[in-house]
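Coming up is one lone chain in structure tokens, specifically the form predicted alone.
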């Protein structure tokens, strides 16, 4: 099961990439656990999660070929 992960702003800087491909993640909890293990600074960062262009809270199952976006806090005016 493939999942595409899109990263923006400081999160892309932390991982060194704007896009990652993950294998075998059944839900967002598993995906985030793997990402936090690979990139410990990411675990300390604030961000919201969107799955297939829908903001989520809590854990969500990831269907095949899901796109998960990690969005840092937005600022501006």
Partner chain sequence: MQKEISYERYQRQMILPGFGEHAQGQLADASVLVIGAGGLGCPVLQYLVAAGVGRIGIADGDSVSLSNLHRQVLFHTSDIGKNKAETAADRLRRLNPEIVIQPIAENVSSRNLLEIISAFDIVVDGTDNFATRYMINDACVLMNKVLVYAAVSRFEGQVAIFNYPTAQAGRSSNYRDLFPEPPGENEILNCADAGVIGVLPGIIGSMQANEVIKVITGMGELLVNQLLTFNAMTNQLYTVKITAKQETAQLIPQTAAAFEKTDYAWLCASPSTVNEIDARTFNNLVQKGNIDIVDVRELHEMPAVDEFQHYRIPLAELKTAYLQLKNDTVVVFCQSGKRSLLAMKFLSEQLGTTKRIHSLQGGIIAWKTFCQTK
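Only a predicted model underlies this, so the values are computations on that prediction, with no experimental measurement involved. Positions refer to the first chain, counted from 1.
Only in words, not in the display: the form predicted together with the partner chain, which the text now covers.
Asks: Would residue 22 sit within 4.5 Å of the partner chain in the predicted complex, counting heavy atoms only?
Replies: So residue 22 does not count as contacting the partner chain.
Asks: How about residue 65: is it within 4.5 Å of the partner chain in the predicted complex, going by heavy atoms?
Replies: Residue 65: no, not in contact with the partner chain in the predicted complex.
Asks: Would residue 50 count as touching the partner chain in the predicted complex under a 4.5 Å heavy atom rule?
Replies: Flag for residue 50 set to yes.
Asks: Quick one: does residue 10 come within 4.5 Å of the partner chain in the predicted complex, counting heavy atoms only?
Replies: Flag for residue 10 set to yes.
Asks: Which residues in 44-69 have a heavy atom within 4.5 Å of the partner chain in the predicted complex?
Replies: Residues within 4.5 Å: 44, 46, 47, 48, 50, 53, 54, 55, 57, 67, 69.
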